[in-house]
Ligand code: PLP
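As structure tokens, one chain now follows by itself in the form predicted alone.
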């Protein structure tokens, strides 16, 4: 058994302090650090005390980033990783053992689904599915006989359909049955959503996306209470998925503009979604889904748990995946790419990228039409973005 650390080996919220010294954080690439004496070397090496020791156990740039995330989420701390999937897989691996049962939403990011269904069962974990849009399925799964559910994994807004699930109700049901909740908050980070206030236990982000914001970082992070974060940090230390200094430093840079970027991207996304809604009314496309639209199917949940519509939208074209392919190929301004959260607007077909590992039947079960196009709206002029989409849609009609 490893000695219990006297203080966290990850970032925690810091007291507010006035700016002093260099305004740009220093980049510390040191892979190891000298200690003043043998006893200190042992104490840090055994993780009984925090401090510079070896980069795999954390480093100054990483802890600064983790602290910023913990402050923003309102949690005890945060643990940073080399990618979003490293954060998700480490969290599941740290908290699940052979014989445990985990509930994973049907409506979940494709990478999370792949790890849950392909890898966890190899280690004796029973993976069960439920629709996060149907609370009766969750109730039934939590109430079944046998070993209790250890963890419930879900997200909202849902990738890529932009539907919303009832976060407060799901977390309450899970807590009632002793299950921990793991929530992917990548699509709508604070201040758009503050899910710790809604009862979520562990909050994961692909920091590559809005936290990075410039399409030049690969990173992940999970935030939550100390009791749940400590096993995750230990797993990170054992397996080596720590976030390196350079991307951590870039994330520190990006946090300075996060609120400004989110505000502008939400305004742009709302304008583009409203324009596409006119095409739905005219019969030119099948549907458009954006949480901020008045006719969003989960409007009450939007008003209860979000402060804005976010920067993501999705629309379905008539003609299925081949028409969607033609529309995507017809774009002249919007980039064809699978990520999101950067200053550039990106469009993708989920059946080709984020959910390509799913069968058509699995995508249908998750509510993903084959002709769905997902758009991550950036900082370009919204009229220009809408013109690009309209031209591509009409050119392929």
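Take the two forms, find the largest set of C-alpha atoms that superpose within 1.5 Å, and that set is the rigid core. Residue numbers count along the first chain shown, from 1. None of the values given here were measured: they were computed from a predicted structure.
The following text describes the form predicted together with this ligand, which does not appear among the structures shown.
Listed stretches are 214-222, 160-168, 313-321, 140-148; the contact stretch with this ligand in the model of the complex is 214-222, by a heavy atom cutoff of 4.5 Å. With the partner omitted from this view, the residue of 132, 206, 116, 265 that lies near this ligand in the model of the complex is 206 [heavy atom within 4.5 Å]. Though this ligand is absent from this view, in the model of the complex it lies within 4.5 Å of a heavy atom of just one residue from 93, 126, 83, 305, which is 83. Although the partner is absent here, residue 340 lies within 4.5 Å of this ligand in the model of the complex, judged by heavy atoms.
Interface residue remark: residue 187 is counted as part of the site for this ligand in the model of the complex, having a heavy atom within 4.5 Å. With a 4.5 Å cutoff on heavy atoms, residue 109 counts as touching this ligand in the model of the complex. With a 4.5 Å cutoff on heavy atoms, residue 195 does not count as touching this ligand in the model of the complex; it lies far away.
A movement of the C-alpha atom of residue 354 reaching 2 angstroms or beyond is seen between this form and the one not shown when the two forms are aligned on their rigid core.
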